[in-house]
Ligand code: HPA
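Only one chain is included here, represented as structure tokens and corresponding to the form predicted alone.
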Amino acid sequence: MFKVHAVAAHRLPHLLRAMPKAELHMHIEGSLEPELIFALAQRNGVKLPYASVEALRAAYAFTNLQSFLDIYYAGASVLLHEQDFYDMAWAYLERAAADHVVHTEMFFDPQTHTERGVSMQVVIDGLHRACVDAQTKLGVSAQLILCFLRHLSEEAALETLEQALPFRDKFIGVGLDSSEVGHPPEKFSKVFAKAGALGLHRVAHAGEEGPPAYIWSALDVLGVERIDHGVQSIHDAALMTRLAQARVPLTVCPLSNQKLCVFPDLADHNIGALLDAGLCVTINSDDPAYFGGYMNENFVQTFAATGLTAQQAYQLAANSFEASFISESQRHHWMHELKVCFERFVEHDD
């Protein structure tokens, strides 16, 4: 284990911002800032139920997941053309680069768009083009994970997967998101089995608002490699042991958890306890336009509220590379760069 020397408290935020990191839980539609929503609405002639950017931002007062999803889908209504999807992804990727995110695996929700008559090709081509440009222009590797909306039927998910297969080379896996409670993972056993047979990576949201039982189902029924959120696992000792021993990653989203009242106070977040239990926890931004912070804000605010240490910062960043669907050579490279960053920082701190 790489040993991190103590870092002065006032220097820790700088370290958090500077260290290379991967983001593994980010819904690209959730990065749509109000300013871009209004710009795209104007470009596409879409009428919004809000008078101004300020009025829309003021509506971002959520009490639970569903109240957020209602406004999230309204915002997505401005996305109609390939360039819209490109512009949305590019805006996020520029912010990610500024936060020293060197690799990102972005979720996208095709059903949110195909249900409005936008073709699968328009969605994927726009997003993928931004991913390609991010590598050459920003030095950020970016990949796509197609998510199924769990409040819809499994038949709709199977149809969505079928529609996406002509573009199989442009996404690396499938996920499961949207309203969690009342929609257990096993509802989607067939589509995940099919995705697995196709060689796609599998991840799923579980244990954010839903019970630990949903995490068990995601692992045992869906065969997922990562759990998105997973913070409710702390209420099941046997599950915690399994997650720790198998190094199943949890893509935790602290500011999102606070905004949606999973943890009303960030100081009460259990990320420290999950780390102490040996789990492969990562920090991510989820829907940053709606939840008040991209990657570095999630790191800085979480560390300030919970008292996490520089050693834990290193562990979280290392976990993000361990949990990523990147090649071993990429992982080796970024782990080396992470150590170099910490070594330089400690020398500078001294």
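Worth saying up front: this structure is predicted, and the values here are computed from it rather than measured. The first residue of the sequence shown is number 1, and the count goes up from there.
Separately, the form predicted in complex with ligand HPA exists; it is not shown, and the next lines address it.
Would you point out which of 285 to 293, 315 to 323, 55 to 63, 37 to 45 contains residues with a non-hydrogen atom within 4.5 Å of ligand HPA in the predicted complex? Single hit among the candidates: 285 to 293.
Answer for Asp177 alone: is it within 4.5 Å of ligand HPA in the predicted complex, judged on heavy atom distances? Yes.
4.5 Å heavy atom contact, Asp84 and ligand HPA in the predicted complex: No - in the predicted complex, heavy atoms of Asp84 and ligand HPA never come within 4.5 Å of each other.
Touches ligand HPA in the predicted complex: Phe171 (any heavy atom, 4.5 Å): Outside the cut-off, so no.
Looking in the predicted complex, any heavy atom of Phe303 within 4.5 Å of ligand HPA? Answer no; every heavy atom of Phe303 is more than 4.5 Å from ligand HPA in the predicted complex.
Considering ligand HPA in the predicted complex, which of Tyr72, Tyr214, Phe188, Phe108 comes within 4.5 Å of it through any heavy atom? The option sitting close enough to the partner is Tyr72.
Members of 24 to 45 lying within 4.5 angstroms of ligand HPA, judged by heavy atom, in the predicted complex: The stretch touches the partner through His27 alone.
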